[in-house]
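Here's a solo chain for you in structure tokens, the form predicted alone.
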Amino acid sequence: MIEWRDEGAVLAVRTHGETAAIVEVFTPSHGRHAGVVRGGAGRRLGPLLQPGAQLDLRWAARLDDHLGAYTIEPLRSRAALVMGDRLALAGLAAVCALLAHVLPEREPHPTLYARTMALLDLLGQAEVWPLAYLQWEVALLDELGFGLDLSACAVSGTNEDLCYVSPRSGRAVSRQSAGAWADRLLPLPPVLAGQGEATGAEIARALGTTGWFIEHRLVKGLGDRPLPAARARLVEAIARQA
């Protein structure tokens, strides 16, 4: 019998048989990892298995490549943070769906885990959360090998008037260097480079650029699967923010 103990945040839940549930969690030491929770569809455990909830987990299986089973204890529920808050609810759904979509199975990412928990702890704080989410997407790309380099122009080396991002290299390009190629480049809103006003509209524009890299670089190798619709709903909600 193989066993381990870790903490983790619930990403997705689906029923399994009459009373059990298959739960997908994001853990610091075991990455995105699924397992069966017996009674997970019941009245006692079902309410604990909400997206974003942090759990103390014990996983056991006969062999390492088996699905295995979890026993769980609650550590933190985030239901109160999203209750009646459409932006927070959209944000929680987007984070969980995106992680379930792009994270390699059973590959640890402790730094990303810590950053994700910090982001989820900000849910309900509408004045800071959209910018924190944008920064989280940038960190997600970096963690999974597709980081953006927005420090200087890829062509001239200047750090002035950076207006574009090369879809090929993920590096910044200045207005002057872009020239006739500007329409083939992605926008670089100042907020994406840590400058300018963090309005909802500007953050949504920046998420258009990070979303391109998530869809065309990160997700491309995972098969013909579109980005989760939950992310698009979040971007629309952020765009409506003042």
Partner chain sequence: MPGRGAGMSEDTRDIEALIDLMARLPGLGPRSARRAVLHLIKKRRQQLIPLAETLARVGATARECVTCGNIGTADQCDICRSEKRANGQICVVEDVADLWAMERGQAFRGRYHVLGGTLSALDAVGPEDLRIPQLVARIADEGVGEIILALPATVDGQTTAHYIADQLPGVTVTSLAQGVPMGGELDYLDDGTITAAFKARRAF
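Values in this document were obtained by computation on a predicted structure and should not be read as measured data. Positions refer to the first chain, counted from 1.
FYI, the form predicted in complex with the partner chain isn't displayed, but the following is about it.
Item to complete: Flag residue 176 as yes or no: does it have a non-hydrogen atom within 4.5 angstroms of any non-hydrogen atom of the partner chain in the predicted bound form?
Response: Because no heavy atom of residue 176 falls inside 4.5 Å of the partner chain in the predicted bound form, the answer is no.
Fill in: Exercise: residue 84 in contact with the partner chain in the predicted bound form, heavy atom 4.5 Å
Judged by the heavy-atom cut-off of 4.5 Å, residue 84 is in contact with the partner chain in the predicted bound form.
Worksheet entry | 4.5 Å heavy atom contact, residue 189 to the partner chain in the predicted bound form | Output for residue 189 is no: heavy atoms all beyond 4.5 Å of the partner chain.
Worksheet item: So in the predicted bound form, does any heavy atom of residue 199 sit within 4.5 Å of the partner chain?
Response: Residue 199 lies outside the contact set for the partner chain.
Worksheet item: Which pick from 79, 139, 155, 117 sits with a heavy atom within 4.5 Å of the partner chain in the predicted bound form?
Response: Looking at the other structure, the residue within range turns out to be 79.
Worksheet entry | Candidate from 219, 9, 21, 12 lying within 4.5 Å of the partner chain in the predicted bound form - any heavy atom | By the 4.5 Å criterion, the partner-contacting residue is 12.
Practice prompt. Work out which of the listed stretches, 60-68, 177-185, 44-52, 203-211, brings a heavy atom within 4.5 angstroms of the partner chain in the predicted bound form.
Written response: Stretch 44-52 is the one.
Item to complete: For the stretch 138-167, return the residues whose heavy atoms include at least one within 4.5 Å of the partner chain in the predicted bound form, in the order they occur.
Response: None of them.
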